[in-house]
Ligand code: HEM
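The data below hold one chain only, encoded as structure tokens and taken in the form predicted alone.
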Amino acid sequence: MAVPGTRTTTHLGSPVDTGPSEMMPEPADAAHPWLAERLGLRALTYPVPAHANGILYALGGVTLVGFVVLMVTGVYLAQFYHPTPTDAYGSLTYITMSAPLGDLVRSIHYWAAMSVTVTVSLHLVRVFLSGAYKAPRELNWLVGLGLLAITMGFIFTGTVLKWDQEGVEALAHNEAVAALLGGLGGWFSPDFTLSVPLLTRIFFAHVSILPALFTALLAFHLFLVKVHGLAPLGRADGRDGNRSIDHSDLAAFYGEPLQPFTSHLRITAGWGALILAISVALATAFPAPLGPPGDPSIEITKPPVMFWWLYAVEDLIGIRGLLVGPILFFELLALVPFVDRGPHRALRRRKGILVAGLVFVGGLLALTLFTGLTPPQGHIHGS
């Protein structure tokens, strides 16, 4: 039994006396006691299970690092961007050719967006495979889907802002969907207001509306992670059932050693720095593309690769595929925690939902491959 004045570290539920607490200062206190007290850094010293420090469990934090890179580079690019139909393409050309480090910063922004798409997708897959969406974490799964939708919104609006042929066609598809929605699509239509071009409003959505929504959902997401903790690892014996976190005995709850959250932050920051280094290397070797000025009378491009599956749906059923596809995509994902309500997280005990997940991912990959192997189609002009 630990005596007063000692700290207890548990391993597989067994207490181990570590000696007087003053010999093991909290990481935040050790860094700088004055700052730790005034900034509340002790809030970051709560323990997390050892498995949280693997790369698969750092993907969420790595994605956040990617968004920080996007924010910083985006602020810089916005200093040179003119969001009007007559000047947008010229300002992109200026950024690429004349602005100090403009081409490099724009390319880092581009590759950081690509990396965020990869890491957020892998994060979603990891949460699905580990069953971390199960009770009491269903709401956090839905919040995560909201963050995914906002990420897709960032990519779409960023594509439009290039205002090259790809960007002009992307905005034309936006207007076509607005027409299908009728009154519900008013904000997405150029008729919403004649005083501000639609491109300008897309720009403000990209730099203000979407970031505000993203920040709000992210804060709620992190709050729920703090409240419920990370989901325990799945066990074949089923002892990982749906239960709330036991804050009084975390080591017994997780069945593994505990580590301070600050160690998780350091590992996440390290992986994030690696992703940034890769983005810089790719930006240097492969600058961000910029197509020719847009001609709204033709359709000759495909969207960014992460939307190829949706482009294939549009090929198959027409412009309404841009409505049907995302609705089905997010509805099916939103149903996951309510369909798979069993107590087990171990893969071998969840064969049904795993098969469904494989079919879902296989369908997306098949649609993506279909777009990759077929020439661009005319969805709006019928050409």
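Everything numeric here is computed off the predicted structure, so don't read it as measured data. Residue positions are given as counts along the sequence shown, with the first one as 1.
Keep in mind that the form predicted in complex with the ligand is missing from the display, and what follows is about it.
Remark: all three candidate residues (Leu64, Leu124 and Phe214) come within 4.5 Å of the ligand in the predicted bound form, counting heavy atoms only. Although the partner is absent here, Ala231 lies within 4.5 Å of the ligand in the predicted bound form, judged by heavy atoms. Within this chain, Phe329 is remote from the site of the ligand in the predicted bound form, having no heavy atom within 4.5 Å. Although the partner is absent here, Val75 is not a contact residue: none of its heavy atoms lies within 4.5 angstroms of the ligand in the predicted bound form. In the predicted bound form, none of the heavy atoms of Leu35 sits within 4.5 Å of a heavy atom of the ligand. Judged by heavy atoms within 4.5 Å of the ligand in the predicted bound form, the contact stretch among the candidates 290-298, 276-284, 129-137, 303-311 is 129-137. When you look in the predicted bound form, the only residue of Thr151, Ser189, Gln165, Thr159 with a non-hydrogen atom within 4.5 Å of the ligand is Thr151.
The contact with the ligand in the predicted bound form, taken as any heavy atom within 4.5 Å, belongs to Val225 out of Ala99, Val225, Leu258, Ala205. Within 4.5 angstroms of the ligand in the predicted bound form, the stretch 56-77 places a non-hydrogen atom from each of Leu56, Tyr57, Ala58, Leu59, Gly60, Gly61, Thr63, Leu64, Phe67, taken in sequence order.
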